[in-house]
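Below you'll find only one chain, the form predicted alone, shown as structure tokens.
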């Protein structure tokens, strides 16, 4: 049925979720299930001298206490591709606050929690690297760690008529999805089944198989529903391996569900990042030099790099460019992906600097970005499509940018200062190899399978739309099955790549099934337009249970030929109480060009989520480490602040139409992450316009405005 793709249909999994019928990993029940609770370290560096678990072992219902002394031996080294080296009771060394040092297993969750509180751990403390400012930079060995050079950026900066050279800081932030991490692990001989709150089914299977030394075919990973991931569930974490270890140790299925404070332990976070951005420009605003140098934290035992400066190779044109990435080792857990991991942080720095350049040159911030628009990236590749100018135009018009008095602290609403700010956005279009299966059954129904995971973004819905449209059937006749490693391969639901990857495979598999149906119809396409009954009759006449379409879809040379990116623009209005230093975002308008949109409703939901997160990043979020101990001091939702309804105005998101024939079979660009890119910078720029005070270290708190 034509017109299904793009239509704002309701989520096909919506009823399951609102009625409680959707089963999340923490809710899975299997026969003989017992419960594990982790005991976490209270020091950031040292070793475990003794685990006194006698009282815990004597507590009612306790089955076992697993420590490094009795834990099964597993391989927990990182193997690349986003893997982490996991601290899973393989030695007595403590490397970060809240590292697992024991697991208590009991017959009920409550008894496991109680017994875990009885475990006493003695440590031999060691000096800890806890201060980002005191640790030296080093250059990582990964591809992202390579410096990017074009021309001579340092010389061009020295000769520039106008210069901006500032440092911008984004603190560590934690994901805090509504659903905590959770795993149920069940062994049957040497075969392992794991229900895990993960964004990456196949990656989790590979890591678990490597950890336990079994073939990947012996591991099944299931993740049907996710209550928020945002990158934090994109990797396999210690608790998942520990659940499988405990299940092997006690020979029963084990469930581990993290508490909220434990969510600040071994499951990653956005790293503390310090960025120097130096811009050189001519008097007319044309950039002659961009220098974007980033330093970010990583752990003492592992390496994570987000590519914070990479958007500076894409967003604006300049003859001279230098982008570098450095890391600093700290006694903290390994950071991980967090919604637009490099671009969210990098855009705060670059787009704040561009705003400062606008004031230095006297050029309107929107016009400055238009002046520096470009048709190629830093490597000289043309963009497969680029609609930044249109995003800036439509968002500025809808927002009413023309009413802005350019002078800082010049606009008021009674006693409140009014500020208008904006920023540009970009995010790369990723795609990985994926496969799909489409079964057209004898009753006229269709089942589509992919191992991809719907992390709440609407994958169940848009994939249903894609298959239904290709087969000419209503969406009600299509059942989308996701989140099982026995289904065809799909990449992680991360990097805004799942729809482009698995969606392309589903389209091709549906076309393959349609071609086989057409062959059964003797080439009479009219028979396929007869609806479910006609298609059911074709399958029945063939004497088969189902006609199957399959596909293997993968990127081609287009990724080398073209620079592939989505673009957008963010516009924000704030009210600032000059006496109290409080900031309220009162209006938010954004516009994005992300290729073909598969569902207008779910797309705008993603853009809204990005705006909300951008407000939190700009004004609230900050994981606080005590530099004396390395301990996180606000590991709860009472003191780690996130936006609530009262903090968020109505967000108006504009979809800018864009046709890109190069990116993939669907013509889509990922939308899950671009919504936050530039959002924090737009808020910060609005605050500067309102107050004349430039805050370069997030979050923008009252004490910084009142200083």
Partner chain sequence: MNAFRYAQAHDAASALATMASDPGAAYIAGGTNVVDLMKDDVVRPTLLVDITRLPMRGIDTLPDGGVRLGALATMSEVADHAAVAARFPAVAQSLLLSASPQLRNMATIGGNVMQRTRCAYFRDVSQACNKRVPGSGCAAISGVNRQHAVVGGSKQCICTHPSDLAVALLSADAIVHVRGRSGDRAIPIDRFHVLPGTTPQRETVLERGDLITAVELPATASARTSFYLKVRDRASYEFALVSVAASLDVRAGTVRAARLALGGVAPIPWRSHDGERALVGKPANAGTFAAAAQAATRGMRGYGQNDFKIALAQRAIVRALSQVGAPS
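Residue numbers count along the first chain shown, from 1. In this text the structure is predicted, and so the values were computed from the model without any measurement.
If you look for the form predicted together with the partner chain, you will not find it shown, but the lines that follow are about it.
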May I ask whether 118, 639 and 644 each come within 4.5 Å of the partner chain in the model of the complex, counting any non-hydrogen atom?
-> yes
In contact with the partner chain in the model of the complex (heavy atoms, 4.5 Å), from 582-590, 474-482, 132-140, 183-191, is stretch 582-590
Assert contact residue (the partner chain, in the model of the complex, non-hydrogen atom within 4.5 Å, options 114, 92, 548, 364) equals 114
Exactly one of 577, 152, 600, 216 comes within 4.5 Å of the partner chain in the model of the complex through a heavy atom, and that residue is 577
Tell me, yes or no, whether residue 248 is in contact with the partner chain in the model of the complex, where a contact means a heavy atom of each within 4.5 Å. no
| query | Could you tell me if residue 403 has a non-hydrogen atom within 4.5 Å of the partner chain in the model of the complex? | reply | no
- Query: Might residue 560 be said to contact the partner chain in the model of the complex, defining contact as any heavy atom within 4.5 Å?
  - Reply: no
(Q) Whether residue 70 contacts the partner chain in the model of the complex should be assessed with a 4.5 Å heavy atom distance threshold; does it? (A) no
When the partner chain is considered in the model of the complex, the residues of 33-64 having a heavy atom within 4.5 Å of it are 42
